[in-house]
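Taking the form predicted on its own, here's one chain by itself in structure tokens.
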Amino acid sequence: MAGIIPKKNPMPSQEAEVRAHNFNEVALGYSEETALNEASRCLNCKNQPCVSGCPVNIHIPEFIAKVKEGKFEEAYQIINGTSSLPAVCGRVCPQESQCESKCTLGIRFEPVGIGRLERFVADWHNANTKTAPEKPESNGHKVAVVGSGPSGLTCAGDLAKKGYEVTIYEALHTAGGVLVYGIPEFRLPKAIVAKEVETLKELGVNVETNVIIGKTLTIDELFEMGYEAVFVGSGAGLPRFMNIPGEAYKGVYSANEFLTRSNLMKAYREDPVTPIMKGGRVAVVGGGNVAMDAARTALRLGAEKVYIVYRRSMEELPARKEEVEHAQEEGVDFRLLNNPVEILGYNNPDDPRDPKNGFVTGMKCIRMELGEPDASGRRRPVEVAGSEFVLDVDTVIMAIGTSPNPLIKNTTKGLEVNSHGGIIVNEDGLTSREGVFAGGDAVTGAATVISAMGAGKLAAKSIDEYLNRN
């Protein structure tokens, strides 16, 4: 490996003290020169181990080889052959635990920056190519897709490329699902998502917003409308809480609500349609990527102090390393091995009109220590007796996970779900209901964007086989 550059080319980004006060994208992207240099690090392995680590099987060495040659549009077309959302994946996929974790170069040095190169190629295409994709000839089959998140968009895109007439039904007023309501602008600009959706529309995908399947229309009614198969990619938008005293106080949010108000409803503006906290001291409970997003958003909304409160140690923190580092650089205070036991609030029973009534004044926590591993393989947190203390905060954001909304299950006969509310599917993504397929967070509960895309891709393949078999 003589002559190999041992480390990835660093990603240019806004300075921490600047970006902590704006919603502009943190990572600025590679230049052409940097992309060429990074692509030169690829060994072009014959067995292509990186591809096996990609849930949508992007032909990674092939697209990087085109980058090496400066043929960026050809590189894009290779990625686009298997991925409907390349500009999204290049920004939010956990490449470090997927494709890059399989990179041969990573055995001795840092792996190739595959995600950074994917982002570069997608951004280059969006900036330089104005030709719309060719709309395939219709094959006469109609498919409905429920939800316009990553699994729904992927399923719709793959089917549209095969000539299916696809309509996506989205409950919110903007297409994109978690990509628009859950992931902040500073990590994933909404113009990027809108561009990806527009590309699918150019392929012939129809998108209907403000339609709640299970309420506006049922799955039974979709079949009556002439759809021959339905894919459910409705995500996991039902927030979880700890069920501790005080969670009903004003100033307690689920991360889902908090991020939706900021990302989708633009609550950070001077005169927002839907208000949100601005300023004060904020505690975010949880340690995943959503917790990092909520904490960093709170900073940008003007919080004077933001804490991450997590019951395990840094070693067990599930968030991406890059997101944790960005949060630390921006000033988020990590209170590890701590767990909330009660949210405290102001109450003045003598004057119910007191405007302070019902608002958060603090959060009582208890210190933890790590014991033996639990079923997840992580060491179980154990309370330290007598170690309670109060964290001085006036806003609490619960970022401890979400579950699938039961609306579709409750309005669809014969649709089986598991104990967590996830729709049960077989290895082909087929549910217990004939002609109904499902994937993404609606099946697994909250997971990664790329895993949801993989499920949408599998379902599209299965729907194609199903409709050509019947």
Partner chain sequence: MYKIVSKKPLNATVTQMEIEAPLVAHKARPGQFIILRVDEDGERIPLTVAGTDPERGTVKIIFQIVGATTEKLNHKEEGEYLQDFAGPLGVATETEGIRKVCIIGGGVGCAIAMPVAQEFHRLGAEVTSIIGFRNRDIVILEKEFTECSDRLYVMTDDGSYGREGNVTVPLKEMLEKGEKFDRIITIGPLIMMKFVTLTAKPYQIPVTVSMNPIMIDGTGMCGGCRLTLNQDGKRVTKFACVDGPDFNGYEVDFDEAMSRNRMYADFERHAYEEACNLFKKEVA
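As the structure is a computational prediction, the values presented were derived from the model and not from experiment. Positions refer to the first chain, counted from 1.
Although not depicted, the form predicted together with its partner chain is the subject of the following passage.
- Relative to its partner chain in the model of the complex, residues P239, K250 and Y253 are all within 4.5 Å by at least one heavy atom.
- Looking at E369, you'd find every heavy atom of it more than 4.5 angstroms from its partner chain in the model of the complex.
- The closest non-hydrogen atom of G106 lies beyond 4.5 Å of its partner chain in the model of the complex.
- R261 belongs to the set of residues with a heavy atom inside 4.5 Å of its partner chain in the model of the complex.
- Contact annotation: G279 falls outside 4.5 Å of its partner chain in the model of the complex, judged by heavy atom distances.
- When you look in the model of the complex, the only residue of V417, A65, A27, L407 with a non-hydrogen atom within 4.5 Å of its partner chain is L407.
- Though its partner chain is absent from this view, in the model of the complex it lies within 4.5 Å of a heavy atom of just one residue from Q77, S313, T218, S101, which is T218.
- Between 441-449, 426-434, 52-60, 399-407, the stretch whose residues reach within 4.5 angstroms of its partner chain in the model of the complex through a non-hydrogen atom is 399-407.
- Residues of 26-65 include none with a non-hydrogen atom no more than 4.5 angstroms from its partner chain in the model of the complex.
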